[in-house]
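Let's start with one chain on its own, the form predicted alone, as structure tokens.
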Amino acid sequence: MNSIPLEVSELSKSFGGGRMFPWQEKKEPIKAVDNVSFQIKRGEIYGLIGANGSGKSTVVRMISTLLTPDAGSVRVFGFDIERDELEVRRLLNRVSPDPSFFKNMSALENLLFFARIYGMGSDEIKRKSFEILSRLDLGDRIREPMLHFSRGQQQKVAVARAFLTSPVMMLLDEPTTGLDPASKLEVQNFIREVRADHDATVLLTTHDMDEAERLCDRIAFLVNGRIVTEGTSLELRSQIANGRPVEEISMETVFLEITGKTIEEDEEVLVHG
């Protein structure tokens, strides 16, 4: 198995375009991801930071083999996402912003169902499920139907499900969406602990600058489907310092000065533009 966990090279994806009926005006396709390239090292947490709609989730869906790229390539530990789809899927686990569950089943039953696909025994699943959900402050609700869980609590179970099988590569797509500040901190601490315990490699997408800085070893800004800069938080601050003390520069300021707009303004453009 290749020692490089993730290699993304010149990745592009467009949606739409053409016309539904011959008499309609032809529409241009919308480029969601535009020539994106990056690598992640073993044991690293790499952050793709951008507004909602900037292309982060499209990148994750292509890496996880749920979408086929229009151009470019992705290798996960040397396996190509198109030629070696099954091998890639065995190495990955993904947390999405909209996790799905069997709502009438308990959190434990959902985790049992998922983990058996990976060949885990029932006793091992129960032990690890209780351990992970306890760390996420849900241990006392492990046998409750998911129907009774809030959106944020369901997201915690999604995080537990993803880490249950001790994966070597994690794709965390907005993993703290819907969580209150205390729960968000619990999940962030858990991600750091699991990375340390299992040497897991993590691709994190978020539009939360504080979360990115708290978790990520390196950060890339994704704007309109393109990576505009990449580096450690210190390196990104240094790019715009111009004699200012780097420790006094916030990541929001870095994003503003590099992209020309705040992340909230970028979201407004993507939604209404």
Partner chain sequence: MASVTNRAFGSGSSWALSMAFVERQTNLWKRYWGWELVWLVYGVVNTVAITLIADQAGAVSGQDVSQFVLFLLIGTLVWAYLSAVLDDISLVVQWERWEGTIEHTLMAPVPRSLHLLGMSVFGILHGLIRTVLIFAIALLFFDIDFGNVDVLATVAVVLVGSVSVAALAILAGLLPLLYPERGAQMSMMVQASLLLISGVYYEVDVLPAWLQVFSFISPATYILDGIRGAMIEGESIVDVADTLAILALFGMIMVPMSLWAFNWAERYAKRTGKLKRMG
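Keep in mind that this is a model prediction, so the values were computed, not measured. Positions refer to the first chain, counted from 1.
FYI, the form predicted in complex with the partner chain isn't displayed, but the following is about it.
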Residue contact check: D199 to the partner chain in the predicted complex, 4.5 Å heavy atom: yes
Contact label in the predicted complex: K41 to the partner chain, heavy atom within 4.5 Å: no
In the predicted complex, V228 touching the partner chain (heavy atom, 4.5 Å): no
The partner chain contact in the predicted complex: G72, any heavy atom under 4.5 Å: no
Listed residue that, although the partner chain is not shown, lies within 4.5 Å of it in the predicted complex (heavy atoms), from Q239, S37, T232, T68: T68
Contact assignment for the partner chain in the predicted complex, among F130, F149, F190, F114, heavy atom within 4.5 Å: F114
Residues of 65-89 having any heavy atom within 4.5 Å of the partner chain in the predicted complex, listed in sequence order: T65, L66, L67, T68, F77, F79, E85, L86, E87, R89
